[in-house]
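Two forms, one protein chain; structure tokens for each follow separately as structure 1 and structure 2.
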Structure 1
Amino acid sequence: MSSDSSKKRKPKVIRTDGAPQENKRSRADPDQDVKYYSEEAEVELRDPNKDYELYKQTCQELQRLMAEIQDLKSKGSKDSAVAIEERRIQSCMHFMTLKKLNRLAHIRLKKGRDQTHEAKQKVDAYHLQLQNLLYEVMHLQKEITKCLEFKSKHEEIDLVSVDEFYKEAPPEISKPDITLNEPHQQTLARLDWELEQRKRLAEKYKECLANKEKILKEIEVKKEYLSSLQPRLNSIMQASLPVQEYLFMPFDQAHKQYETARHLPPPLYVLFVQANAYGQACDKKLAVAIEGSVEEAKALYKPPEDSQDDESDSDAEEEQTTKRRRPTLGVQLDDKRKEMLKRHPLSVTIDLKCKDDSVLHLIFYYLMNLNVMTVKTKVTTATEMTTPISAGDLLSPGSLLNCLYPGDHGKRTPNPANQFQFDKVGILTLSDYVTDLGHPYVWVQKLGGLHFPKDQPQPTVTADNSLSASHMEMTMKLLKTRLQSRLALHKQFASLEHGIVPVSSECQHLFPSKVVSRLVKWAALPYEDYLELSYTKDVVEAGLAEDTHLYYTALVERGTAKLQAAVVLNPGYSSMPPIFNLCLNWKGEKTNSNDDNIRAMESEVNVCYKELCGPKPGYQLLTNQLQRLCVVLDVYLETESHDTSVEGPKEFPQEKMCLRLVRGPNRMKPFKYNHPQGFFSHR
């Protein structure tokens, strides 16, 4: 309740206090200010803690007084009113004190606030200053890094190394005493040196330019002079042509050939060069020439890589088109085949001249897409020859060069890669096209420097000069031998067909002067017919009769006796002898299987052929073999023992001189002729 009362009173007091205060202020401000200031100053002087103690004391006093008043009031005695009054005064006093204390507290609070505000403002100013300083630091740091990052242009310049610099630069530039310790100075000195050097080089460059200009001018002058020379030279050349021709020195022509030779494909070029070289070194009569259109070859060679691209492109295209257009497949294949078998527009011809002026023309082609070379042949003879019927195959392009080297038939392509190409376009073998394209003999590839090893496939076969050179001489010799032997055979055939065995005078001693048996027939024999003959079985089984060989049949007659001979003519004649198989029709059919003497007659011509070769190189072998056949037939018939049971004279009286008629367990007849004495003996 006391609190209530105090509360009621307090506002009163404040009001009373306040009102007069306000009044007082409004009336007399200076007094009030003094008062006010005095109380403020009082605050300075008083200790707040003591005030706090005072406040507590006062509050306790007030409480005690209130409690005593309450006691007294509750007792309700009359005398107590005085006591109460006294006490009320006391409490008012206390209230005054409280009021004072309250004011002081207010002032103190205000003062504290002011102080705080002041301090805060100070702190704010300091903070601002700090911010400014930080910003300045950052800026400066940035500037520093910028400076640090600065790149001088001189660093890009490639300087000579330090050692070189000190070695080369003159001391007035290098200044070693200063620069050695100071890298900066050193760099500067080096840069100076660089500048110096560059200046010098620039000067040199200018000098060179001038020089060049001068030389160019000189060249110009000389060129003019030379071009003025050309027409004069031409006119001299023109004038010298008849002289060249007259002296057989075709320099001009050779020059032209070399010009065209540049457009030859590599294998043909190798062949051309090697054949030329061989001709110059060993065979002056060898004529090598290039034929065909140079323009076409040029056109072919201008874009060599493009063409290849084209090929692959067209391949792809073709594949597509074949899918699209089935009906024209055949036509397309045909075109493809033609394309594949296309030969290079240029060809090399070699004319081999033999001693008797007959010429073997060889025309070498190059099949571009197959990378093989082929050859076509033609023979021209010195004298006009009547062609014997049986000689049909002798000089035919198909068989003339057959098996020049053993087994080289020239029917199949020597390039193993071709088979796959053929498969693509449906060519079974090359042999169907050989008559058209020429024969791809292995020796032709070798002359062109192409080598296709059988065992190890090589990715790309390139023309090799040394290979060609190593085969040239041998092959040329073989070709000549082949031609001469064929011509010799040709001649022999011509007489053989007329039943004349043309024994040359050098070979007369091989035979007795009187030979009664006569050659009646000489004719070619198809291979199939040869195989069917009963008495040729042994030769066929021995592998000595191949389809590339030439086959003939001969008939030798004497009286009723007819000796049929089947002849295998090896293309390698005359180093490979012809092989005879005999069948005698006289008193029954006698062949080597039922008569030892027929067998002996065969071996007389087949095995003992060496003595029949005649003058080297033995082209007369065939003639001599046939002549010997006639002789041994004479011997056979004349020495045949006379059947005593048959009446009448012998059909063939013995005219030959023989030491013994039969000899040895096989009762051999004396087939060997001994020349000067002219008698027959056993071998």
Structure 2
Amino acid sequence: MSSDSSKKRKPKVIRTDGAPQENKRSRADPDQDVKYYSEEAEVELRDPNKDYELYKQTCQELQRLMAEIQDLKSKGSKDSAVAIEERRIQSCMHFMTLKKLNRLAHIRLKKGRDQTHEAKQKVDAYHLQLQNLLYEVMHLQKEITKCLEFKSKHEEIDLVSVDEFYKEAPPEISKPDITLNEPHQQTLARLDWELEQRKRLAEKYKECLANKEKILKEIEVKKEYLSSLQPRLNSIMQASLPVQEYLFMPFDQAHKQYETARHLPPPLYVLFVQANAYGQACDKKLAVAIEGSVEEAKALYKPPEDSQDDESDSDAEEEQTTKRRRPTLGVQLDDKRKEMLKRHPLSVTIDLKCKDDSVLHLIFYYLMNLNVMTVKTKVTTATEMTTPISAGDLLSPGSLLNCLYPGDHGKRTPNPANQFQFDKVGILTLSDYVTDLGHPYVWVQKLGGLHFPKDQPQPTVTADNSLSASHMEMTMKLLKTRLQSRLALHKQFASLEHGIVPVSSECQHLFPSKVVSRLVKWAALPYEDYLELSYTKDVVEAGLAEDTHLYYTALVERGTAKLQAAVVLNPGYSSMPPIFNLCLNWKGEKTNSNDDNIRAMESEVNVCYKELCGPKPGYQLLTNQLQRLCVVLDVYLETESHDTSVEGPKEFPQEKMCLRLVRGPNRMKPFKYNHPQGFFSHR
């Protein structure tokens, strides 16, 4: 049996990764039973989860065997070698199992990658087909859109309405029996009718062109006649100049003025037109004229000419510029300021004549870059007037037109955009330049049709004729009133400086026949000195004293009593009355803060001023107030009780007739004068 078993051989197994190969099969012994083993086929039959469990069990067995081998080696017994060898053989078998599981895992991984790659290829193929289909859909949609949006040429033709077509078109064209039911035939019929109408209009157009040519020829003939007539008219106008001067009808001069007015900027042009219209309608003595260089005004609107000789002379210019010094930053700023404040070459002058032949000259300028107008003033009187020292500011150009309208002092630009322009060139305020440029009063802007709203700023402000016309009449009346009031004050100041209070015959009844107190001093008072006076604080705190007002001081004396008066003269005199503050130096200093009678004297002058206005327009108010001041000082001194401890006669004997000397706990004195009875009473 041993020989039989030795003769029998086990079949030889050849492991391959794929199918059995022919060359391997030829090498094998034909007598041997050759079997081929494929692990790829085995992968399909094996469960991965079971392989994973086998892997864990094999690893655990390896750990156990390795631990036993370590224990046996550590004991060092002679019988342990056989046990160690057995366990080593078992470990090798487990290692073989792990290798096989590793090969199977790699095969599974390779198959998974191959399957994933095949699936990706299928997805890519499907995606490509989808893109092709989407492209075809988009192409079809574009074609459909083109078809839907197709517009025929006849749609651009403005055809008559359907109702009008059937009314006007003849039946052979409209064909109502066919076209009413078929829109296509109806459109064709309407197009035929449109063609027929256009043929008729073309014929009319040719006829009109022929008439036009005929009329143009007639116009040319008349133009030749008028051009030959112009020299004759010029010669007639030249010959009629002496007649115009004799009849005071300067047609030629007016024509030249209007020709010059074409070159005025819009605000000055509006002012010129509206002032002329006001003069013709309301004030025949109003004179309006244009001054300045017309050539410079024309040059402003000429486009800059391109010089062709610059290229030939460029080398010489470069040599000159290198030799010149560059301007410093200060010089550049000065140049920018001059350019910013540049005036238009033309200006408009208006001469306002009053009844006494005094003239107020107004010169209006336009600042081109600031888009505002300014005005300068000058006064001419019919006769030479001696200028009192205290009347220096009455007719000065800087204060003559101050606050013509309330709050309009002309020291700031009315255009809000100018402040940003000033910041660029370093100009703090326009008040530093008004001496040269003139005052930018708000009423000046309105006369030029300019309006700058503060609540709603506008990017561009244009001249408005209606705005100028609405303010022209009122402004001219205010200007005349201001001039007349200042001239009246000028004459009164000449008398006041000599200690004479002029009282007209119409106002004599306002005062008693005998006034003992007299005006000793009348002089101008600086604004800063007025603020420093102790008895003017009430007026300053009330906001009735501003730097635009005029300030004067008056001194009234009687015996040892001296009454000082600080006077605030509003620019709008006489519509706004002067304000008096009093200080009596007699037996101490008495003001409105420590003496109720001084307060009553101020009230007589300041509160009851309407009694002192005199005949309209009330230019005698100031002198009447000063005369009333002398009267109430007499009453104050004469009604004062006599000190019995002082020997001798009373310093101020009572000459005024009073019903009661004092009244009430405050011992108020009777300051009200009653005419014609001639006595004084309490108010």
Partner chain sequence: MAPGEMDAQRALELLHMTVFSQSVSPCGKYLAAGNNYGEIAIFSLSAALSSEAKEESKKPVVSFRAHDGPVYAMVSTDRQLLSSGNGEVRAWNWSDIVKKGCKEAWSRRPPYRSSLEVPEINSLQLNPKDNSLLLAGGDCAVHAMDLESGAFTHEFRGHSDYVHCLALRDQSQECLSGSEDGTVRMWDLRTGAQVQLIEVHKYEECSRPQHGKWIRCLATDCDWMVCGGGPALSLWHLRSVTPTTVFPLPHCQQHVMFYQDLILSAGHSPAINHLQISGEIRAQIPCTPRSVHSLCVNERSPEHKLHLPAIVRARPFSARLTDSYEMLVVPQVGNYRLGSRHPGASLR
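Not measured: the values here are computed from a predicted model. Every residue number counts along structure 1's sequence, beginning with 1. So that the term is clear: the rigid core is the largest set of C-alpha atoms that superpose within 1.5 Å between two forms.
Of the two forms shown, structure 1 is the one predicted together with the partner chain, while structure 2 is not. The Cα shift for Glu53 between structures 1 and 2, taken after rigid core superposition, is 2 angstroms or larger. Core-superposed comparison between structures 1 and 2: the CA of Asp408 stays below a 2 Å shift.
Relative to the superposed rigid core, Ala561 undergoes a CA displacement smaller than 2 Å between structures 1 and 2. When the rigid core is fitted, Ile215 shows a C-alpha shift of 6.7 Å between structures 1 and 2.
In the rigid-core superposition between structures 1 and 2, residue position Val137 carries a C-alpha shift of 35.4 Å.
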